[in-house]
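Consider the single chain below, provided in structure tokens and representing the form predicted on its own.
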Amino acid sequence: MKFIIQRDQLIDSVQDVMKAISSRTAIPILTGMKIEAKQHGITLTGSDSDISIESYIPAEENGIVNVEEIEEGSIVLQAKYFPDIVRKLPEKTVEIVADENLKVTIRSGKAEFNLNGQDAEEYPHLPKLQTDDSFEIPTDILKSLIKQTVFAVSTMETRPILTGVNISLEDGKLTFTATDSHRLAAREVPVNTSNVKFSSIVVPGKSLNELNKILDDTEETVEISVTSNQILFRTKHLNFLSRILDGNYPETSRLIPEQSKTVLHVKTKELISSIDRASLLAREERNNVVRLSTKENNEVEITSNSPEVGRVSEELTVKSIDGEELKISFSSKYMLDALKVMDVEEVKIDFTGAMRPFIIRPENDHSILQLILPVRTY
């Protein structure tokens, strides 16, 4: 195997693929990165038991040559050393050569590294997904779906199914839902698919976080394919494969209250700032409880009280308050997480009493929903 490649291209691909490589894996060869050279381009692969990432560098694209002097072949290199070597090479191009004894030479300018490689035949084959059941979605929409839900997955392994995001596609609507049983985040978008539907697959939150980091905004669309135990996200230069979690995701729709008793309309930024200030004194406690009480004249009072530290209170004028008066306590962290991913100027908050979950939505948009359970403080 031999090729000469643009170093910057190689660094980008190596960084993407490294996100799937773990130093702690049951299969030793998976601590390495597979490099495969074909006449049309170079493919790098990294994998652990949860996700696999393939990054493709075409030999030539839009008239620009990325890779030249290709002699086909493949090798697995130690991921512990290879990325750092590539990053620190002196010149713009890198020559990589592997001989039949799995010895690899990496040259750039006057620098030369010799590494021991491993046989690529021993590297596990990634499952090739049947892509009849696939649909496309704009990259920016997929990234916002992930951003607006994945933060609410559970970090506790006691209920593994809650560490993932529940994805369903029915009646032309793609829905992402995440919950850790104290809060819930959901978002739906319309997609153009006539023949594809699945009711509930659960993708690890960790996988979606990594996907979100490496999805390139220059790629316009992502193709998504689903099988019984894997999901593939594919762009022109990237294959991102994740396992699907086993188990039944809880029925979350019944958590969402039908009617509300108190409704607030409030500017998002002002509410974020106010809750942020109130939480300054509540840091020590594990859930940073903040209290909200409605007042006369469209004002709410936001307070926090920490016996050892002190007390903070602030009055905030909101756009409108409808319904019964209310005193409610909740985790400031959960509230801030929910408000920060909304990306809207104004939100509408529906309360159904001090002990019932409340719902935050953008002012004129029902496709995003954040639900938070209050905290008992009495």
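Quick note: we count residues from 1 along the sequence shown, nothing fancier. Keep in mind it's a predicted model, so treat the numbers as computed, not measured.
One more form of this protein should be noted, the form predicted together with a further copy of the same chain, which is absent from this view; the next part is about it.
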Only one of 88, 254, 92, 128 gets a heavy atom within 4.5 Å of a further copy of the same chain in the model of the complex. Which one?
88
Give me the residue from 299, 72, 219, 119 that has a heavy atom within 4.5 Å of a further copy of the same chain in the model of the complex.
299
Listed range touching a further copy of the same chain, judged in the model of the complex by heavy atoms within 4.5 Å, from 312-320, 58-66, 326-334, 29-37:
312-320
Quick one: is residue 170 in contact with a further copy of the same chain in the model of the complex, heavy atoms, 4.5 Å cut-off?
no
May I ask you to state whether residue 276 is within 4.5 Å of a further copy of the same chain in the model of the complex, using heavy atom distances?
yes
My question is simply whether residue 280 lines the interface with a further copy of the same chain in the model of the complex - judged by any non-hydrogen atom within 4.5 Å.
yes
Taking heavy atoms only, is residue 200 within 4.5 angstroms of a further copy of the same chain in the model of the complex?
no
Applying a 4.5 angstroms cut-off on non-hydrogen atoms, the residues of 58-88 near a further copy of the same chain in the model of the complex are 78, 80, 81, 84, 85, 88
